[in-house]
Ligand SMILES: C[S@@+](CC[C@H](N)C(=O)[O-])C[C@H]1O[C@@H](n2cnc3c(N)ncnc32)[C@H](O)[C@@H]1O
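Below, in structure tokens: the form predicted alone, a single chain.
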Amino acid sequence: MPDFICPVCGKLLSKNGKMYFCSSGHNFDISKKGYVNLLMSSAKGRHGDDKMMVRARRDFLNKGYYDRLSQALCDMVIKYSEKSVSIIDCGCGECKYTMDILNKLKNAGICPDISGIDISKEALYYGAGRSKDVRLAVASSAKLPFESCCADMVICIFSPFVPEEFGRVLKPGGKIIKAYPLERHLWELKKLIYEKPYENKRENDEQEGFEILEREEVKYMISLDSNEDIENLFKMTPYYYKTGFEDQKKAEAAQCLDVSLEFGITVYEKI
């Protein structure tokens, strides 16, 4: 079971009512929504996705546009799970995929133990509202608040990929399931926004200390028939924050758009 550890001293955290505490006396309040903040950072500025981005993604995903990706991820998780499985979802966001995986595992007769972390408090505010069956903490994938060799699987969906840290928390033979955008993912949205759109760069997915077990591509088109859906798709991506007012107005004016969705999924095994 991937229990939380203290971000100050590294000792195991125990839960007592509305608080986590360690034997060294460090304690961390559990929010009213049910998540705990274990992010140790004095850096100023925005941490993770803000409220607008999280709401846009929640509303867009709740309409099922990415469900084919979610189903493919669930199939992969089930394929590489035993009768019980401990999972850390790194960059879980508002937990749409997390809950899909949890429910599919239960339906398949597999006993899941899932913890999720995200650097965004706004994302976990909504994520914690989906279910109390997932332990959630504000934390960074660069310093996961878990003991070494505690998890069977790490899930990384459109989030920073930190193989050294993922390898630390995985048991020997543990799996990473990574989802990422392919070269022409959201190509039509890019063409709408930018005068000169560029394809996403395909990076080498080989990683030291891991063997690639499987790769899969999920490609399909969706039709967006409302400005609300187009705006939500735009605002849930990094593109929104990288464009000026004039480019943002292009999305505000669009009423329909056919968009390519192209995802890659890679499964790694710790060796």
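When you see a residue number, it is the position in the sequence shown, counting from 1. Being a predicted model, the structure only gives us computed values, none of them experimental.
This next part talks about the form predicted in complex with this ligand, which is not shown.
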(request) Answer with one of Gly174, Pro163, Pro112, Gly91: the residue that has a non-hydrogen atom within 4.5 Å of this ligand in the predicted complex. (result) Gly91
(message) Looking at 181-189, 76-84, 99-107, 137-145, which stretch has residues with any non-hydrogen atom within 4.5 Å of this ligand in the predicted complex?
(response) 137-145
(message) Residue-level contact is defined here as any heavy atom of the residue lying within 4.5 Å of this ligand in the predicted complex; does Asp229 satisfy this criterion?
(response) no
(message) Considering non-hydrogen atoms and a 4.5 Å limit, does this ligand approach Leu61 in the predicted complex?
(response) yes
(message) in the predicted complex, does Ile119 come within 4.5 Å of this ligand, counting heavy atoms only?
(response) yes
(message) Although the partner isn't part of this model, could you tell me whether Ala123 comes within 4.5 Å of this ligand in the predicted complex, counting any heavy atom of the residue?
(response) yes
(request) Go through 156-177 residue by residue and record those having a heavy atom within 4.5 Å of this ligand in the predicted complex; state none if no residue qualifies. (result) Ile157, Phe158, Ser159, Pro160
